[in-house]
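Take a look at this one chain, the form predicted on its own, written out in C-alpha cells.
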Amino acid sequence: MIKNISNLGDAALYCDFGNEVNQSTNTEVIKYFKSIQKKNIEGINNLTPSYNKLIISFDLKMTNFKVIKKIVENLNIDSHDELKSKKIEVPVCTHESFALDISRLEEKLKINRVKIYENIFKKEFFCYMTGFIAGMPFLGDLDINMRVNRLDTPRVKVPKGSVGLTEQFANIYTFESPGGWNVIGNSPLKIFDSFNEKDPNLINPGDIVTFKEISKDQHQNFNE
C-alpha cells in the first residue's frame, strides 16, 4: 500500500510505497498504475512507475493536487487480486562478439560462463519497470550469487538489443545508448516499437520474461 503521497513540483504527485525493492512492493505499484491508467482520470497526463514509487503528473488547467490525491486515496485496490501478466520469451545470442562483459563477470562473480548462462536461461524474470531509454525493461530478481556492480567506466555506445546485468536486475537495451551494465549477449527481438502508438512496449511492468539461447546464425536470420 501507499505509505505517503506528497507534492512533486507544481503538477505531480509522488506516491511512496516504502524503501524495499522487491516483487511484492512493486506489484502494489503496478496495481495502482494500471488501475489509474484504466480509469482515465480527467487531468492526469502521465504515470511513471518505478521499483517502489509512482509519479502521477497532471494538467493544472484541469485539476489540482488535492483532487488527484483524494482520488488516489479512495481507489479500491484489492491486495488479493492477481496481477495479470504476459509471459514473454526473449531469444538471446551469447556469441563472444555479443557477450562483451562475460570475462569480467567470470572474474567478479567467481563463476564460469557456462554456469552464468545456465542461471540466466533457467530463470523467470519479473518486469519491475521500464525506463532510462524508451521501453527498456528492468527485470528482477537475479540470484544473490549473480549480482554485480555496473562497469567502472560506462560505454559510450551499447549496441541495441544488448542484454545486461547489474545488481539484482537484467535489462535489454531497446536502442543504441550509453550504459554501464554488464553485457552478456544480444537479442534480435524488437522490444520497443515506436510505430505502435497503442502499446509500443513488448514488455510492460508486471510481465514475466524468460531468455532462450539462440545461435549466431539464428540471430542474424531472425527477422527474415
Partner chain sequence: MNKNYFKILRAGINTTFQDGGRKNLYHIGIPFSGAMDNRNYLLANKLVGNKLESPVIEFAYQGPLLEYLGEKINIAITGDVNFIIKRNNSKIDGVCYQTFEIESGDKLDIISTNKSVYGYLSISGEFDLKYQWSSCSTNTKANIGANEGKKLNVDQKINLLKINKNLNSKKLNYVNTRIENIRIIKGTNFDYFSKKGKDLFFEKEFTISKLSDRMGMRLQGSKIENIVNTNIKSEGLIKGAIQVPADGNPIIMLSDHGTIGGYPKIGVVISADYDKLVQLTPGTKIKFEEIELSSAESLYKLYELETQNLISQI
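Rigid core: the largest C-alpha set superposing within 1.5 Å between the two forms. Numbering follows the first chain given and starts at 1. Being a predicted model, the structure only gives us computed values, none of them experimental.
Keep in mind that the form predicted together with the partner chain is missing from the display, and what follows is about it.
Engineer: Does every residue of Leu8, Val21 and Phe65 put a non-hydrogen atom within 4.5 angstroms of the partner chain in the predicted bound form?
Structural biologist: Every residue of the spot touches the partner chain in the predicted bound form.
Engineer: Would Ala134 count as a contact of the partner chain in the predicted bound form, using a 4.5 angstroms cut-off between non-hydrogen atoms?
Structural biologist: Taking the distances in the predicted bound form, the answer for Ala134 is yes, it comes within 4.5 Å of the partner chain.
Engineer: Heavy atom to heavy atom, is Ser35 within 4.5 Å of the partner chain in the predicted bound form?
Structural biologist: Contact check for Ser35: no, nothing within 4.5 Å of the partner chain in the predicted bound form.
Engineer: So in the predicted bound form, does Asn74 come within 4.5 Å of the partner chain, heavy atom to heavy atom?
Structural biologist: Result no; Asn74 lies far from the partner chain in the predicted bound form.
Engineer: Residue-level question: is Ala12 within 4.5 Å of the partner chain in the predicted bound form, judged on heavy atoms?
Structural biologist: Because a heavy atom of Ala12 falls inside 4.5 Å of the partner chain in the predicted bound form, the answer is yes.
Engineer: Would you mind checking 138-154 for residues with a heavy atom within 4.5 Å of the partner chain in the predicted bound form?
Structural biologist: Phe138, Asn149, Arg150, Leu151, Asp152, Thr153, Pro154 sit within 4.5 Å of the partner.
Engineer: Would you say Leu13 moves between this form and the one not shown, meaning its CA shifts by 2 Å or more once the core is fitted?
Structural biologist: Yes, the C-alpha position differs by at least 2 Å between this form and the one not shown.
Engineer: Rigid core fitted, then: does Gln37 show a CA shift of 2 angstroms or greater between this form and the one not shown?
Structural biologist: Shift at Gln37: 2 Å or more after core fit.
Engineer: Superposing on the rigid core, is the Cα displacement of Thr48 between this form and the one not shown 2 Å or more?
Structural biologist: Moves: yes, 2 Å or greater.
Engineer: Kindly indicate if, in the predicted bound form, the C-alpha atoms of Lys38 and Glu89 are closer or farther apart than in the structure shown, bearing in mind the change is 3 Å or more.
Structural biologist: Farther is correct, given that in the predicted bound form the C-alpha spacing of Lys38 to Glu89 is increased by at least 3 Å.
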